[in-house]
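One chain comes next, on its own, written as structure tokens: the form predicted alone.
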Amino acid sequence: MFKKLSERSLLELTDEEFKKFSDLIYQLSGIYLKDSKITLLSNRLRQRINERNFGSFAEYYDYIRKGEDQGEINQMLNAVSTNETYFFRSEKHFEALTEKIMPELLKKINRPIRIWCAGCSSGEEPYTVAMIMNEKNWLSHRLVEIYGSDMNTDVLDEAKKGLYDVKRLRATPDYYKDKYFKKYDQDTYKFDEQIAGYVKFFRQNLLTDSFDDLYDVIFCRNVMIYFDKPVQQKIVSKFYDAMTPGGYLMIGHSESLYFIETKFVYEKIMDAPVYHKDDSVIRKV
């Protein structure tokens, strides 16, 4: 079967096959693939098909559609998800978090502040949060808990290893680079293991999984651009229900909830766009 596919390895999915896979991926994850992504999807699925020795795209589709092999379903979703990020991306959100949001929440909540980075990819965002929390001594005093989740199990494994090439550190200030990273080899750096230990990672499908905890701050930046409006609506509603009153949602600078029905209230804090779950009474959790 491997030889059979190798002989046609330059071929793409047919339009019909692309439609079947894109519909299935949407159903499983909420990821919306435009027709222009047919070559990208062909290339990424072909790798899985070769590794598992399926004879064709159609055979692989039938296997996935049965839903009996959750491990392979996860691997397919890993293959089609996009995971480009870096440390200190859009730093205005981090300034708003440390200078305004955290001091406000610490005055109102008599427990550790829970911060969740949803769609955290290989860990750069929650690790950035951990570094800036450490600079305020909020980590050592156990005043904050940091969580990172992603649907892609491969990138979560990368996050736990804490190894990053220089490209991922391109926006990292020298102070943080010198303090929290050690050179691992010529082009790779190892993140501080002690600080990494403060971040708890877990797999989470934002569309299909329930959100089992309550959070005070949720980062979900540059993630919802891969979803259409109905899926965005559902996920934002789930975020609202998973957030304590008075909490904050951070989305990407290029994203907006303008066309989504939501109870979140838009605010701009230190030039950072944020959404607030407005409530005058912060209940204990």
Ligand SMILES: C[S@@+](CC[C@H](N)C(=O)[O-])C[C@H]1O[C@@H](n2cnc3c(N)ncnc32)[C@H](O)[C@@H]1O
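Residue indices: 1-based, along the sequence shown. What you are looking at is a predicted structure, and each value in this text was computed from that prediction instead of being measured.
The following text describes the form predicted in complex with the ligand, which does not appear among the structures shown.
Contact annotation: Gly148 falls outside 4.5 Å of the ligand in the predicted complex, judged by heavy atom distances. Using a 4.5 Å cutoff between non-hydrogen atoms, Leu249 does not count as a contact of the ligand in the predicted complex. The ligand in the predicted complex comes within 4.5 Å of a heavy atom belonging to Thr85. Of the heavy atoms in Ile31, some are within 4.5 Å of the ligand in the predicted complex.
The partner is absent here; in the predicted complex, the one residue of Val223, Met243, Leu45, Ile64 having a heavy atom within 4.5 Å of the ligand is Val223. Of the stretches 33-41, 223-231, 51-59, 64-72, only 223-231 has residues with a heavy atom within 4.5 Å of the ligand in the predicted complex.
For the stretch 102-125, the set of residues having any non-hydrogen atom within 4.5 angstroms of the ligand in the predicted complex comprises Gly119, Cys120, Ser121, Glu125, in sequence order.
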